[in-house]
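Have a look below at one chain only, the form predicted alone, in structure tokens format.
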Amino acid sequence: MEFINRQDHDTLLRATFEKYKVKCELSERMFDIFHKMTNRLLEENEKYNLTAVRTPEGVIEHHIFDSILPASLIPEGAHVLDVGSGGGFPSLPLATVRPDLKITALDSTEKKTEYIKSTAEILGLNNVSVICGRAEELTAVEKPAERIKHSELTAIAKQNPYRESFDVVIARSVASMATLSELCVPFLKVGGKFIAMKAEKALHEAKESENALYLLGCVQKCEIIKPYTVDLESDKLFFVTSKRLATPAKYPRRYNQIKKKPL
């Protein structure tokens, strides 16, 4: 296990911003939180295998810096759901740089949600809460879908504490965009924003997900945003769309159906 001191951590974090030519606007408090966040993850990862990244340099670049990048895309005061938060990314870094946000981290593994909860408490991030569960189960509609009219969807959403209750849903996942959309969009309010954090090699998924987004009630064509101007092997993209209509009650389907036959 390799810990890092505060001075070296600050230097590496600043160097990462410089590498990607992104302006660093972090406060002293934020630098301190990120230092503690890195060392805590490295320590707890030895026990719980929270991430495959096991070096300070890796945590700084691939978790902390990466998680900060979408901060400017999120409206002020939004209630944000992070689907598949894992070790707390992007939840914990976003909560650090955007204290105005209310962030909920969702993961299906209890050891991960407990880690996120305890880490937020240790770091003084009072704007973070957690949910342990499967995304497709939390927003499922119990009433048979064929008996539900579109006009009933708003009332149904009000009966479910999670369905269509978030201003922004963000996901940093290896799942395809079509699969990710069906898991995430049912959580989103009409008028809300869905942000998928993807690698540039997944660019083709934007076109392939258009049918899924349409069926789920979103604007069909994603806005594709590159968060920095340099060209590197590890280029990232954000697929961003907004929700125009309530999601039909038959979505999300069971996970084996979602995976076997994407929309």
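Numbers follow the displayed sequence, beginning with 1. Remember, it's a predicted structure, so these values are computed and weren't measured experimentally.
There is another form of the same protein, the form predicted together with a small molecule; it is not shown, and what comes next is about it.
Only one of K189, K102, K117, R134 lies close to the small molecule in the predicted bound form, with a heavy atom inside 4.5 Å, and it is R134.
Taking a 4.5 Å heavy atom cutoff to the small molecule in the predicted bound form, the contact residue among K193, R163, R98, K112 is K112. Contact between T139 and the small molecule in the predicted bound form is not found at the 4.5 Å heavy atom cutoff. A residue is said to contact a partner when one of its heavy atoms sits within 4.5 Å of a partner heavy atom; L125 fails this definition for the small molecule in the predicted bound form, lying far away.
Although the partner is absent here, P93 sits far enough away that none of its heavy atoms falls within 4.5 Å of the small molecule in the predicted bound form. The closest non-hydrogen atom of E182 lies beyond 4.5 Å of the small molecule in the predicted bound form.
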